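One chain comes next, on its own, written out as structure tokens in the form predicted on its own.
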């Protein structure tokens, strides 16, 4: 009987994410002058759908087959997660009153999918992840108050880049190797990636420089310093991080200068660097070889990607059903390959829906960047959203064998305290920029009327 419920639940989960995304369409249509429904009702329905998704998943995870009993420890995690969702969604609406509701719903949806999958894969990680989620949202709620105290933080451009270099260099001296990359620091029992913190500093630095008219001298200095950070990440074998920082630099450079020649020259130099990296680093050759033909070396280099492809494709659009797959057969599934686990048990259709949620976050963030009247904040929003989007593309593309695997985390979804914390704070900063733009545009309109 329980197996039948799980089989039927596959349709329910597919319906949840389709309905969730449709409500986003309703909201956007209203903004664009169309009408498919009430936008406020649409946001409310998204929240209720998220709560139903959470309750359904944890009831399945907690149920003990053939006993009509439940694992109370799993129910406790589910209850704590539900409390986090309800309190979190209430708090962000009041602290960021004029923020974009679709960004919040997208963030909490991805965080909840992370909690469900980690509970399925490795329950102790779910508890840790939930703790980091709560800490991240708690710190994020202080962003409006902190930024009021430092209204012109663009003047600290040299502080940002010096701190960034200090954190990156610290891993060369005190770093710990994990998953093949020497980009982790350990303080007591806490292990974190300094490069996650440097994402903030790097975007602040670039926005501080590019907010002004760029002369050749500043362009050379900024390019050299940015290239230095990318090179240090390559030396630590953090190829995914290096790509993310490089692409963020290129996007902000193009936005600031609108110079196609500079952009194409940078991409050409990156292509040459990629070829050199392939020649110089054996781990790059291993990953490219596994991408080209993972079945040729299925016992070692291609093992992860082959198992990922089996997980994604075996069960079709609706998946095997929650608890019926074998996600733990993929090494490092809780971080690098969590998207494959989602597709295996929730189905490829649900996986496509997760990609659509990232696309929704991308377009809403870009709109905030375009609408912002202050150039510095516009550049920060664009940098954060492009960094998010390229990171999601890198890991999902690697998992489905579209591109060579780089081993970065899927924002909001993969396990990792520093990753989820920084992701939440970054999105909170984008929302603060949205609120700032809304408030100042209203003030400007009032002044014009007067």
Partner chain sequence: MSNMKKSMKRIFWMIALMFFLLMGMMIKLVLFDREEISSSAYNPRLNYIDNSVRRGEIRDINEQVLAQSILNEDGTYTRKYLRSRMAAHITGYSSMSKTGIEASENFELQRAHHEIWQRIKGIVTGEEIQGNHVVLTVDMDVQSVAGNLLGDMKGAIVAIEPSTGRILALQAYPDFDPNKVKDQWERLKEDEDSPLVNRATQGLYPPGSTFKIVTALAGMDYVKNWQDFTYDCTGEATYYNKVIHCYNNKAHGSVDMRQALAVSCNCYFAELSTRIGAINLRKTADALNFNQRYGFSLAYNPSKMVLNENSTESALVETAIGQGQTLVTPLHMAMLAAAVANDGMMMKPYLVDHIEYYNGKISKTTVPEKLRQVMSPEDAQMLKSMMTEVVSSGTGTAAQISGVTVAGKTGTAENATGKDHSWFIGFAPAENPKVAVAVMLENADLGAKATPIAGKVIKSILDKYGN
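Positions refer to the first chain, counted from 1. Note that this is a predicted model, so its numbers are computed, not measured.
Same protein, other form: the form predicted together with its partner chain, not shown, and the subject of what follows.
Colleague: Considering only heavy atoms, tell me if residue 326 and its partner chain come within 4.5 Å of each other in the predicted complex.
Modeller: Contact with its partner chain, yes.
Colleague: Answer for residue 97 alone: is it within 4.5 Å of its partner chain in the predicted complex, judged on heavy atom distances?
Modeller: Heavy-atom contact with its partner chain at 4.5 Å: absent for residue 97.
Colleague: According to a 4.5 angstroms non-hydrogen atom cut-off, is residue 375 in contact with its partner chain in the predicted complex?
Modeller: It does: once its partner chain is placed as it appears in the predicted complex, residue 375 has a heavy atom within 4.5 Å of it.
Colleague: Mark residue 343 yes when one of its heavy atoms lies within 4.5 Å of a heavy atom of its partner chain in the predicted complex, and no otherwise.
Modeller: Looking in the predicted complex, residue contacts with its partner chain include residue 343, since a heavy atom lies within 4.5 Å.
Colleague: Hey, with its partner chain in the predicted complex, do 127, 153 and 200 all fall inside the 4.5 Å heavy atom range?
Modeller: Looking in the predicted complex, the three residues 127, 153 and 200 all stay beyond 4.5 Å of its partner chain (heavy atoms).
Colleague: Would you kindly say which of 134, 255, 230, 219 lies with a heavy atom within 4.5 Å of its partner chain in the predicted complex?
Modeller: Looking at the other structure, the residue within range turns out to be 255.
Colleague: Pick from 110, 207, 116, 369: which has a non-hydrogen atom within 4.5 Å of its partner chain in the predicted complex?
Modeller: Contact residue from the list: 369.
Colleague: 101-109, 162-170, 77-85, 360-368: which one contacts its partner chain in the predicted complex at 4.5 Å, heavy atom to heavy atom?
Modeller: Checking each option against the 4.5 Å cut-off leaves 360-368.
Colleague: Suppose contact means any heavy atom within 4.5 Å; which members of 294-311 contact its partner chain in the predicted complex?
Modeller: In sequence order, 295, 298, 299, 307, 309, 310, 311 come within 4.5 Å of the partner.
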